[in-house]
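First comes one chain, alone, set out as structure tokens in the form predicted on its own.
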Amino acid sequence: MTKALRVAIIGAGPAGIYAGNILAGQYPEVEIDLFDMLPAPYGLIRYGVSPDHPRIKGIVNSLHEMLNSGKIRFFGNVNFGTDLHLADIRKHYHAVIFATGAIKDAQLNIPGIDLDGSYGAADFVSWFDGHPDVPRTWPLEAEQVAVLGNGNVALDAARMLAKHADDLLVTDIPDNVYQGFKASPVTDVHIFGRRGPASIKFTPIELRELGELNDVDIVLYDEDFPDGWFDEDAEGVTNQHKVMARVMESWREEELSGASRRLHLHFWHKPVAILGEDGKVAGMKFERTQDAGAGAISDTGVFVNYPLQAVYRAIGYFGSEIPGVPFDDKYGVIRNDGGRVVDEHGKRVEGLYATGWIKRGPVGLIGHTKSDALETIENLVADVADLVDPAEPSTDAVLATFAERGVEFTTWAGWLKLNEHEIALGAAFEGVERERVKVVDRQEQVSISNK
């Protein structure tokens, strides 16, 4: 007889939902409860993807189907470590899968990083995506802005900074975000990368979108593109690299249109220091780098300064420690072996698993998240016979505990109400067709969900 299994998943982003869906498919005799600290599901898809990316957000449709199937029970507004403890998991479930992601900005230890006007891109993305736990306002006061990084998050941040607010009205941005961008005085957004243009980490679709911005000129610099800068026959070059090389070459050949805003792409620039006046960002110092062969770069000893009033670092995300769970402080991940949580000595911790960015670090796209979840689930299923039976295998008992602790949790039915409410807000907007308008306030989300 197949052993009946109860599994809790912490984190209702793509990693957690994929893990639950794969587990339900591989092990039918399972009950799955999915918990998230936010009242609404979808994690980084709702709060970490730029609102002008409808193609990427289309992933929500498949995630919706997985949760709507009834195989996974969703409980939102539940914070692991305060509302729900590891001891509760042990009491009510055979196993737990942590899929909490990586939401903090990676640190950049250079002088001036703490000046007023120096920001992490992750915090900025959370603001313009209407995350309930960040301030409602953002200080968009700079005319000249730097974004550090050569990945898609850097492009997202730069594109949103350069884009005109009215061009965002077709998206789901909250009104406070629209008003913030509407008042922005920005004229120039600079993206800086340490490596050359042949080593960018963008995807072609993200890069091409820059050239589609209304009333924004793309500016590149000849000194960043030496003769033979792109070798399409070099090892590791993909069709994506070739497409992006063609895109940048086409921009180099275009005349500037005299747009009111400019987006500059700089390469071979290593951050040295953020320069300040009166405690505020006033500029930035870089050292020029050069190709050292074999994918490496070297310093040149040549320094350049740029006048700036704000700096956004988009150099990567970093995971947050989870109470009672072995954590690797160096890499910002849960210690694990193939998704099985292990202690600092490499010994398995029974019943604990991890998937997604908190398992492997903040790398890879949605496709990687699926294969990553599959590995974790296959290992969990292989361990079923060894999992300790919980003393009280009951979701009702978990909910009773929430009631005792005063936890105002939300459910999948509640999310459907909130979803309908946001869509109705978008439909009621006059002058432009909007898919939805996000509700930002946490308590308002809970109240609408639990009506």
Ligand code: NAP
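Fair warning: this is a prediction, and the values are worked out from it, not measured in the lab. From 1 onward, residues are counted along the sequence shown.
Another form, the form predicted together with the named molecule, is not on view; read the next lines as being about it.
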> Where does the named molecule sit in the predicted bound form: which of 142 to 150, 68 to 76, 247 to 255, 160 to 168, heavy atoms within 4.5 Å?
Replying inline: 142 to 150
> Do Ile315 and the named molecule share at least one heavy atom pair within 4.5 Å in the predicted bound form?
Replying inline: yes
>> Just checking whether Val363 would be counted as a contact of the named molecule in the predicted bound form - the rule being heavy atoms within 4.5 angstroms.
In response: yes
>> Please tell me whether any heavy atom belonging to Gly283 falls inside 4.5 Å of a heavy atom of the named molecule, as the geometry stands in the predicted bound form.
In response: no
> Even though the named molecule is not shown here, does Lys91 get within 4.5 Å of it in the predicted bound form, heavy atoms only?
Replying inline: no
>> Looking at Pro132, Pro271, Gly276, Pro174 here, can you tell me which has any non-hydrogen atom within 4.5 angstroms of the named molecule in the predicted bound form?
In response: Pro271
> Which one of His241, Arg262, His266, Arg195 is close to the named molecule in the predicted bound form, taking close to mean a heavy atom within 4.5 Å?
Replying inline: Arg195
